[in-house]
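First, one chain by itself: the form predicted alone, in structure tokens.
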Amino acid sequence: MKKVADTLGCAIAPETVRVRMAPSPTGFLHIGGARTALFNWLFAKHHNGKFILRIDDTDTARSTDASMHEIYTALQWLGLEWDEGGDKGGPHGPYVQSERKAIYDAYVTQLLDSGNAYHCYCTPEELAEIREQARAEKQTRSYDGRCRHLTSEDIERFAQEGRKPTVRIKMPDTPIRVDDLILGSRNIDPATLEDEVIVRSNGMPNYNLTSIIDDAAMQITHVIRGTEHLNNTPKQIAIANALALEVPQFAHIPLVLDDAGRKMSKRHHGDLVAVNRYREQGYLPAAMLNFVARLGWSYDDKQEIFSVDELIEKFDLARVGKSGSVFDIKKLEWLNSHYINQLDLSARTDAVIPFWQEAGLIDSTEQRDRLENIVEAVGERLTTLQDIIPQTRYFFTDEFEYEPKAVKKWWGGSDEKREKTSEILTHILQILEEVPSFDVETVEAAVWKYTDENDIKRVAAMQALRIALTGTSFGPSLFDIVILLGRDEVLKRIPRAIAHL
């Protein structure tokens, strides 16, 4: 049986491994959040453990049901199914934090009664003044703990003034040891930690309180999350110690960075970091999983492509790096193209049909054989499934413009060149009207016979005809296009091109 290394030197049986993801439903699922979910899911699968999806919606002003639904659908699209969660239930529910307030309230009462927490009546103006003074004095703490020792008279006076208190945890005066499975161990100087607000003035608990309480209540053994949470870890350990709760093992994974070394964020990168954006554009979940897995983790610095089963087998926190990982869209595109090309013709056709339908190019009456033939003609040209639209639009409609650059290069910028192109198309039109059989071999032989006998460069005739039929100078084999369009459509489009010339 596999064993999971413990920073204290003991081992945890694989059936007890429990990890979680706790997204806030305040927007779309971030690519970094997907990476966190994947690492947790892989770790759980590798050790035959459980993956829990907990929703952190204590920010009631920004949390929405729509965002929660989007997070669910994005994770399901990636194939990261959870064992316990808000929509599935489980032995440690509820799994939506807004439904657990009574649990948090009981723990807050325990902290207050034990003297490990206190009410803070400082107004926003007073807090701003305290922060400014701390900044001027170059203090590491931005709150001086002045409400730690309020008298009953102070509290009564503040209450009469209508002040609504927060609750702060008393930070210990001794170092807090943080053991991290990726970053190693360190002792946090208590002088750098201020008394954290754990309950807002509106009575809602804060992240650091709810997170560590739920981790203990849900028997989470390992907290695998981004390094942006690193500063929260000693605060959560302090809260757990004050409540005599079990502290999970922590593992902080590096940030996802852009090519300028900045953190990939919703603010700076918009929907570039939204997982569902890639679904809508036609990226395959297998490609996304492979790509996201390699953001900060490597197996041997050689293998780039992993199946899901391989990821589960090989995933190890010891192979997660300590430095940030660059989000390389070109690598994602390469991976996606690889996975699209691994699909057989029928599966690839199934995958692109929704994109044709959404673009209004096909309906239920379209012949399946023709669709598969079009996909086969496109071949390995798809980077995303959405690319099927510009690559094949002309198969379904003649409402297209001729690309100016293609026209200038192949039809000609001078009157003489355009007249020559018109002449070529006129002869090809006549040839295609008269060919006895409209198949690739017959059409191709007839066109090349004409060009060779008249000393016309094959590429010139080919591109002139391609633009006439598709509006572009690139795409599948020209004669595949001719046959897929059919004689009637071809004989209709060539005169239109001649008239344009």
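Since we're looking at a predicted model, the values are computed, not measured. One rule holds for the numbers: they count along the sequence shown, beginning at 1.
This next part talks about the form predicted in complex with a small molecule, which is not shown.
Only one segment in the set 44-52, 23-31, 61-69, 451-459 has residues whose heavy atoms sit within 4.5 Å of the small molecule in the predicted bound form; it is 23-31.
The three marked residues, Tyr207, Ser211 and Arg225, each reach the small molecule in the predicted bound form, with a heavy atom inside 4.5 Å.
In the predicted bound form, at least one heavy atom of His229 sits within 4.5 Å of a heavy atom of the small molecule.
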